[in-house]
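Just the one chain here, laid out as structure tokens, in the form predicted alone.
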């Protein structure tokens, strides 16, 4: 029997109180870790204690020599660009579709972002990267969007052939793997956010990794002045004379945040296994219904499933506007379903259309983008619908309910026309 859509007065698919998704989940282990750290120290000035423990574990997991904690992923990304010595006149190829903080820290180096269109998963397209390379290109920054690794074989090859630095923004992709190799271990520098809903979260925080000690020392000097720089930069190194002042910025993390993040990191692979189970379930259930295009993940790729983002296909539902489709999903009680807003093609933001008002250096070294410049990225963004990916066995019922709600709206879409 046909069920009337909730938006038209029918019963909701889900009546459960919100929120339906909470992350991070504060476990007893996290409570104990925070309490233990609270009475040990709430400010760490050097590389010791929980900072040292977390950095050592994180570096080992990613097969990197150095890991450095920060108070945000944005500052970890800023430190990547400063460590690499980017400056005015340099160009860096960047994804057009990403969260803006992948690229905005680059503006503080005065280098020019050269935006690049997307592939079918919303990641930077290697074919487009090749088109953007010039004599001024110094590097490529990539984001593994929504936890799905970029096409790393092709991107690494392009960077090697053209002697370009590779920067990885792994903020969506903790623990994701490309052909058995964890993301963050491909580039010259990599950065992760440890903020809010990230798979490894301390509420706020970030971390950088590299194998290059000179990059590491410069990242230290940017945001970890005095004790830590004096501890880690050799006294006979040319940069040691700057150890006390560094570059004058403070990017240190908070120990209580890292206590939370460390406990989550210890359980990362367990979380990812359950997220993968639920993501595969969603794909299996929705794979044959019209109106949606699901992420395409090759068998040798392991997504971290930060979120499950699918594409709405209005042409398969008699051009039902996405606004009506989305409103119907929400009316069914699927309140955690979202249309990503601030994660947008960068050319749609005033900052990338007219940067010189906030960054005067770009009056003499201009760049400017406009709507329509990156059609694949813009189409992906306009049709993107996001579902959280749960990570505990107890969430099976709510996952099933979200699947039922999506099917209900699609099966009854004509009632919305």
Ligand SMILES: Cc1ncc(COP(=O)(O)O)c(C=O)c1O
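Residue numbers count along the first chain shown, from 1. Fair warning: this is a prediction, and the values are worked out from it, not measured in the lab.
Beyond the structure shown, there is the form predicted together with the named molecule, which is absent from this document and is the topic of what follows.
- Proximity to the named molecule in the model of the complex, taken as heavy atoms within 4.5 Å, picks out 100-108 from the listed stretches 181-189, 295-303, 234-242, 100-108.
- Contact with the named molecule in the model of the complex, defined as a heavy atom within 4.5 Å, holds for exactly one of 200, 334, 77, 140, namely 77.
- Site annotation in the model of the complex: the residue of 195, 210, 347, 118 reaching within 4.5 Å of the named molecule with a heavy atom is 195.
- At a distance threshold of 4.5 angstroms between non-hydrogen atoms, residue 172 is in contact with the named molecule in the model of the complex.
- Remark: residue 147 does not count among the residues lining the named molecule in the model of the complex, judged by a heavy atom distance of 4.5 Å or less.
- Mapping the unseen interface onto this chain, residue 122 falls outside it, with no heavy atom inside 4.5 Å of the named molecule in the model of the complex.
- Mapping the unseen interface onto this chain, residue 72 counts among the residues with a heavy atom inside 4.5 Å of the named molecule in the model of the complex.
- Shown here without the named molecule, the chain has only 205 in 199-216 lying with a heavy atom within 4.5 Å of that partner in the model of the complex.
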